[in-house]
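Only one chain comes next, encoded as structure tokens, the form predicted alone.
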Amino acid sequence: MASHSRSPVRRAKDLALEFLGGAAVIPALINYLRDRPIPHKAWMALLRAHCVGNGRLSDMLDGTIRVLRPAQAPTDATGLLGHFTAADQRRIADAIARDGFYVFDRRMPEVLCAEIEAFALRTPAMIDGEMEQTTDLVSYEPQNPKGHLYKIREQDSAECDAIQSLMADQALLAIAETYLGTKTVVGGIDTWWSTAYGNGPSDTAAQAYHFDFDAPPRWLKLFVYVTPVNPENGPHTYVKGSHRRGLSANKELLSRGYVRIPDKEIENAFGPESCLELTGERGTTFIADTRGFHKGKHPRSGHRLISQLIYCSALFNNHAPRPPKLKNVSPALQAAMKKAASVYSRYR
């Protein structure tokens, strides 16, 4: 890869952006303590600092949070995917640290997937390109898609009993906390259909390579394939190892900011062998550090339904507005909230 040296003026500008990102931690933290979202300007400052410094400020902030709010010592936990000892949790966390993701051996129960699919078919959603709208929602018709992506509002997903079962899963939460190394919160829920709409990938539907910056400084995302996913209907594609900070391959790509990256440039930077398509049967579940480069491949046929949770390590967990307080809480989620109220503070 060609060297991209920077002029003294550019280096000074980058240092200034990192400084402003550091200063943005203060209003972000204040708003968290006041039970408010991160100010957009503060989030943008943290993002710019992350990009120009190749993740340096994010790592520094992450290290500070680990000291201020250390994770509990791991203990055995049981969830929808089975029993995980403390050693199992450490092994999975180490695999994520190495590769950026981990695919679980077991799949989510059929009954849970069937319930989420039925919910997603009857619940109106936002079509890609109109993600800010809250009215005129559209029901997904598998035989007549009208957009690349149908995203169900978080407030609706959070009321689904099956998704609440995912939220309440103590084993998945323990694995996330082991990896993040700090007290962890559920920072977001997403459920969406990806369709074979149009002639190619859509940027607004995240079908080109990118990195996420949902919950600075660090987070994990849980992905559940509610429908079977093969190479033709939109597998999640992850660039193995690209989540690690300080990589020379990341430096120039991140310096461009929060943009989409062409496939060829990702392959040139990391090697085509690093670009892994994650396929699987219904219920296939994996967890990923989406600071790494990834995309949802544009389906050439059929569709893909995913349910996703975000686990966050930060004192301030997301820059997006909170959904309304839950109206209906399942017994499983009630028990989880009673055990660790702070984990579910976004939904209380």
Ligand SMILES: O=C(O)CCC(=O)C(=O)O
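The structure displayed is predicted, hence computed values, not measured ones. Each residue number is its position in the shown sequence, starting from 1.
Not pictured, yet referred to below: the form predicted together with this ligand.
Shown alone here, H210 lies within 4.5 Å of this ligand in the predicted bound form, counting heavy atoms only. Using a 4.5 angstroms threshold between heavy atoms, A206 counts as touching this ligand in the predicted bound form. At the 4.5 Å threshold, heavy atoms of K221 reach this ligand in the predicted bound form. In the predicted bound form, this ligand sits within 4.5 Å of a heavy atom belonging to W192. Remark: of stretches 61 to 69, 45 to 53, 295 to 303, 23 to 31, the one touching this ligand in the predicted bound form is 295 to 303 (heavy atom within 4.5 Å).
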